[in-house]
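First, one chain by itself: the form predicted alone, in structure tokens.
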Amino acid sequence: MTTSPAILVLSALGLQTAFQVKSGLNGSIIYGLDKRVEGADASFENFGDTIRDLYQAGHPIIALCSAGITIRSLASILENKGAEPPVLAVADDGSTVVPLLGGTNGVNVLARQIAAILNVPAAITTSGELRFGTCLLNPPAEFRLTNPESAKTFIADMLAGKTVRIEGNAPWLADARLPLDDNGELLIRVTSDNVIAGENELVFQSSAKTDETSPRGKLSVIGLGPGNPDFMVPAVKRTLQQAQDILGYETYIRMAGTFRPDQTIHATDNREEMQRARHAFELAATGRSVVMISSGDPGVFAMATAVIEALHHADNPAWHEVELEILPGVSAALAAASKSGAPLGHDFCIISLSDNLKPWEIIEKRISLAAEADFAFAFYNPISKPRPWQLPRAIELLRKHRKPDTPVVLGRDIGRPAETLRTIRLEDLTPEQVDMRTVIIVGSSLTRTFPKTGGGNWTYTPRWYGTKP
């Protein structure tokens, strides 16, 4: 998804410079501080909130203010170097252009473009680009660096004196000042095939294809975890960086962070799972690298099932040729459990209370039998406006087999800014305490809770059963 550059202006002097930048930067939008800047395309009241929203939506940002205020405003959400959009600070009078963030996504290219519009030098500080006259992490749109995680070491090795050889046609490097040598220790490989990069190698994949051959496409189904990037596994982060197409429910796509301008976003409604899965295979079958986003773990009430089912029933041979991988994530139940201690420390079950895809009679039977067998429970999709009666019925069934003081953990938005976590007793559990963003964990007959230093409680289910060893 290509997003429009955002020019943020805090003063009337800056507005004049903003119009000059906009005149040479197609599609850019000027945002002016309310009551201080008149004549902008749009206005804002809070600089910090606005620049963070634009950054997370992937807009290149040109801030006509000090570098300091820009950095401080974005510091709390800086996460993924490979996915951040370009961010620049430009002096109000247009005398200075300073690239701040987005070195892997063309910030220096944009800085030079703006500097040329303003007829001033760009303050480029990237050592590799200054030395070699190019940014290897930011090739032209028709090429893609398949292993960006190796680029930092590769460039450092060149700066340390190692030479490089090029295999394939790399026209954008023709005027670069690379330390070329036919016997170079480092290799830049340019190819239209899907290849695995070797040690001391950067691979640039060309989008060009012949009629006879196509790069085999790839579909990765990933789990973001509960929302905090710290809960996201490294393999998921790498896959998001390398993807050409990103599919998912719009809310989950926003949770995944920011994306490069050359990555295409396909956001859909949360109820369109099979259509989304089929679309993913259609894209991957053309040779593209596609990511399907789930929250939590993709295999726990999430998109992995829909993707596998779509493939199972597909009669298109090209779909079966797609390289398919499922990358795990931290499920909501496991995240809430870890925050509260270890309530799922023994046998447990996870049940969704939604009857959209299964009869309520089956849900009741499962709750009753699992409660009788003394499983601990994690409940997903506990309540919604169309289903206000199901959680009370589930509580009624649980109380037939659990004591009133059985610990119940309520975790809402775990791993997100609005996170809440508390432990109550089963006799105190009411539907009013729960919404669709809450995961409920109900302990077994052995689950215990005790006060935590600093407030709250630790809750755990011991691994022994019956008589303590």
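Note that the coordinates shown come from a computational prediction; the quantities given were computed from them, not determined experimentally. One rule holds for the numbers: they count along the sequence shown, beginning at 1.
What comes next is about the form predicted together with S-adenosyl-L-homocysteine, which is not displayed.
Of the heavy atoms in G443, none are within 4.5 Å of S-adenosyl-L-homocysteine in the predicted complex. Residue contact check for F132: none of its heavy atoms lie within 4.5 Å of S-adenosyl-L-homocysteine in the predicted complex. The shortest heavy atom separation between T163 and S-adenosyl-L-homocysteine in the predicted complex exceeds 4.5 Å. In the predicted complex, T438 approaches S-adenosyl-L-homocysteine with a heavy atom inside 4.5 Å. Look at 317 to 325, 143 to 151, 379 to 387, 108 to 116: in the predicted complex, residues with non-hydrogen atoms within 4.5 angstroms of S-adenosyl-L-homocysteine sit in 379 to 387.
Proximity to S-adenosyl-L-homocysteine in the predicted complex, defined as a heavy atom within 4.5 Å, singles out one entry of V90, A280, I293, A332, which is A332. Screening E427, D41, D53, D413 for any heavy atom within 4.5 Å of S-adenosyl-L-homocysteine in the predicted complex leaves a single hit, D413. Contact residues in stretch 289 to 320 (any heavy atom within 4.5 Å of S-adenosyl-L-homocysteine, taken in the predicted complex) are S295, G296, D297, V300, F301, A302.
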